[in-house]
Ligand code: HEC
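Taking the form predicted on its own, here's one chain by itself in structure tokens.
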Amino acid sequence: MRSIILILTFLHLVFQSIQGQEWKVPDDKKGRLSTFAFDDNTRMAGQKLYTLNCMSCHGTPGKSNYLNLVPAPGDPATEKIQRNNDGEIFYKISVGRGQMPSFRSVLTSDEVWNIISYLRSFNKLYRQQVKSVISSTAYPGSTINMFIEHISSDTSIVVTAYAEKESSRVPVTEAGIKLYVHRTFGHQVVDEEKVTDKSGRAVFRIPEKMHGDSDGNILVSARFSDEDVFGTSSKDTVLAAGIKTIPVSLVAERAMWNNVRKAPIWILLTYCLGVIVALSFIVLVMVKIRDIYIVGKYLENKASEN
């Protein structure tokens, strides 16, 4: 039994040692660059995304209030994280490791770059390099674009990918494409991954009861599954393809997080009962103290008479 415990302890220490090793990024991923320049708008968007997806573990940049995990998430404002180049940070956010989840299916490429834009605002020495053209190894020298349309007759969304070079345009074929709907906390996958046909089209079926905003609009995002081959091009489009949904206020009904007027009845009754019990106990104690006082007075008078 003792030997088993020693073996398990050794394996645990080895696992912790491996987890604590330097996170190395493949060489072909290090040079990746954003296709747009960072500015105040990208930083603001990145701050919102960081707050939703990253702050719970990494804490507030510059405050060193990250969670005590193994390996430590670290403060993204520190020199240790800031010395990573843009491609390395992009890879680590996208792929994840250990207790850090992969955000590849949660965030679009542009959203990851927005987060990096926000993180770089804590580095005064940072100077951005921008990739001017979205290129593809499958279509060298071309710019890859997408077009999204909603076919209401058969409740489908069609994504058309094409490569443009000078005055020519050709369809992007045999490319895996994923389609997402933007939600408050991440993205909802629409249908399964589709592969473009000879005309560069991929057809996605809209799930039943796809909730939209009050007008039935949904914000969809299409991007390539293999960005290394087909480029980092993505397309965001608002489509009237959802069900009209009127948001319900979280404080409209009785709930534990509501105010006193809208608190659940059982909580109000329990609170009132507790107050009554506490007051009854106080009154009982005061009555007993009074009885003790009366008995003491009686015994004192009796003693003085004798």
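Just so you know, these numbers come straight off a predicted model, no measurement behind them. Residue positions are given as counts along the sequence shown, with the first one as 1.
The form predicted in complex with heme C (HEC) exists for this protein as well; it is not shown, and the discussion that follows is about that form.
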Within 4.5 Å of heme C (HEC) in the predicted complex: all of 146, 148 and 217, by heavy atom? no
Answer range among 76-84, 137-145, 162-170, 206-214 for contact with heme C (HEC), defined in the predicted complex as heavy atoms within 4.5 Å: 76-84
Please check if residue 115 has a heavy atom lying within 4.5 Å of any heavy atom of heme C (HEC) in the predicted complex. yes
Is residue 239 close enough to touch heme C (HEC) in the predicted complex, meaning at least one heavy atom pair within 4.5 Å? no
With a 4.5 Å heavy atom cut-off, would you call residue 34 a contact of heme C (HEC) in the predicted complex? no
Using the partner position in the predicted complex, report whether residue 180 sits within 4.5 Å of heme C (HEC), counting heavy atoms only. no
Assert contact residue (heme C (HEC), in the predicted complex, non-hydrogen atom within 4.5 Å, options 41, 56, 64, 259) equals 56
Could you check which residue among 267, 69, 255, 45 gets a heavy atom within 4.5 Å of heme C (HEC) in the predicted complex? 69
Contacts with heme C (HEC) in the predicted complex - residues in 90-114 whose heavy atoms fall within 4.5 Å: 92, 93, 97, 99, 100, 101, 103, 107
